[in-house]
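Only one chain is shown below, in structure tokens, and it's the form predicted alone.
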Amino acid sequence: MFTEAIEKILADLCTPTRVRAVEEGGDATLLWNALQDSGFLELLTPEAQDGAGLTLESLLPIFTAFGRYALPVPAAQSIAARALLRDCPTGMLTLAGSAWRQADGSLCAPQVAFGLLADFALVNLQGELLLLDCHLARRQSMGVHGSQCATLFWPAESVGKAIGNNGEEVRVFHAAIHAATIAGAMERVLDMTLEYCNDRVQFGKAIGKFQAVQHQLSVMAEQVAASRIAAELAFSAALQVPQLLPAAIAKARTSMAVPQVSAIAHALFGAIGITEELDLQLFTRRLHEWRISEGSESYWNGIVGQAFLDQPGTCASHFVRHVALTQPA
């Protein structure tokens, strides 16, 4: 029910034209207000607090939909923030899974998703949970065309005290969100590529009929399916916050798929595939950005690998199916 309602809003308001407009500095208020006024930012909030009280499993199709539409506002991050912090301020909230103090006492949060747009950030500072006003920070754009990601610098006097000791949950939850949105965006990229290959005619037949192209499409489909399954792992628990190992597996596996899926899509589209006018780049740019956000596959594979080595005598399939799903976050 919630997924269908959100999909309708996204189909009406989150068009490629609007995504481009927001990327170019246009107003994101209409889209944000539609999601906020409909109550969809409170999906993880308990029913006793006027929320929907959903579990992670129910959220997966919603987060993948955000990826399929290249949603240019931090709705997923705001939903997660409300699960991690009950008393949230009004406005766009994002997550910063890692931050550190600099020599002068200021705080740096690198490559914050939607850092150019967000009003507030829920920040993990070495395990401490901070809620910071983004308007007090210096926002440094990443310099990538259309990206809303930014590194944020808060002066020491604006940081304040920690509001909790569950900061690591920010990093884990954000990794799971990126896994879901990567899976959704790759589904959209695959659909676009299949449609193009069935419509584009060369030598008297659709290029999708050529065996070499079919092989490339099958590789894409394999990577997209594996990514969806991995994302499901991160959102399989009847909890409100993802567990560490399932989230790590999901983020690593989806990030690993990004270079291959994006490269095949652009190759099959040919010369048109690199143009700004084609909607494909709205998704592949985000895929590459989400791949490295909160750590690439190398970082998360390291966490999974160490956990596996800590279970001597356990085979990989048993580890994924049983051990990874029972380890605490």
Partner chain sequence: MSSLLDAFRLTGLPAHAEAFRAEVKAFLAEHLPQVPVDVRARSWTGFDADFSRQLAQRGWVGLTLPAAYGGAGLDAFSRFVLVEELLSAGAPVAAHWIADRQSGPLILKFGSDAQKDFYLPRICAGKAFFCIGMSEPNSGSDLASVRSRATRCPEGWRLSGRKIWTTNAHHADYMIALVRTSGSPEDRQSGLSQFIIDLKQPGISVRPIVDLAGDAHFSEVAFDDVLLGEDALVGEEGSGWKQVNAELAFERSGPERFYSSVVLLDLWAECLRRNGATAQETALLGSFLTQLTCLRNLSLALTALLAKGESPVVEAALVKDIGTEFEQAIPTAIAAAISAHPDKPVDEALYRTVAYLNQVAPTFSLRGGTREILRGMIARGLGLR
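Positions refer to the first chain, counted from 1. Keep in mind that this is a model prediction, so the values were computed, not measured. So that the term is clear: the rigid core is the largest set of C-alpha atoms that superpose within 1.5 Å between two forms.
The same protein has a further form, the form predicted together with the partner chain, not shown here; the description that follows concerns it.
Out of 135-143, 103-111, 230-238, 171-179, where are the residues with a heavy atom within 4.5 Å of the partner chain in the model of the complex? Answer to the contact question: 230-238.
Proximity to the partner chain in the model of the complex, single hit among Gln202, Gln214, Asn165, Gln126 (heavy atom within 4.5 Å): Looking at Gln202, Gln214, Asn165, Gln126 one by one, just Gln214 meets the 4.5 Å heavy-atom criterion.
Let me know the one among Leu85, Leu131, Leu190, Leu116 whose heavy atoms come within 4.5 Å of the partner chain in the model of the complex, would you? Contact with the partner chain in the model of the complex is made by Leu190 alone.
Taking heavy atoms only, is Gly208 within 4.5 angstroms of the partner chain in the model of the complex? Gly208: contacts the partner chain in the model of the complex.
Can Gln223 be called a contact residue for the partner chain in the model of the complex at 4.5 Å between heavy atoms? Gln223: yes, in contact with the partner chain in the model of the complex.
Val159 near the partner chain in the model of the complex, any heavy atom under 4.5 Å? Flag for Val159 set to no.
Is there a heavy atom of Ala252 lying 4.5 Å or less from a heavy atom of the partner chain in the model of the complex? Residue-level check for Ala252: yes, a contact with the partner chain.
Every residue in Gly26, Gln36 and Ala81 with a non-hydrogen atom within 4.5 Å of the partner chain in the model of the complex? Checked in the model of the complex: no contact with the partner chain for any of the three.
Spell out whether the Cα of Ser317 moves at least 2 Å between the shown form and the other one when the two forms are superposed on their rigid core. Yes; Ser317 is a residue whose C-alpha shifts (by 2 Å or more) between the shown form and the other one when the cores are overlaid.
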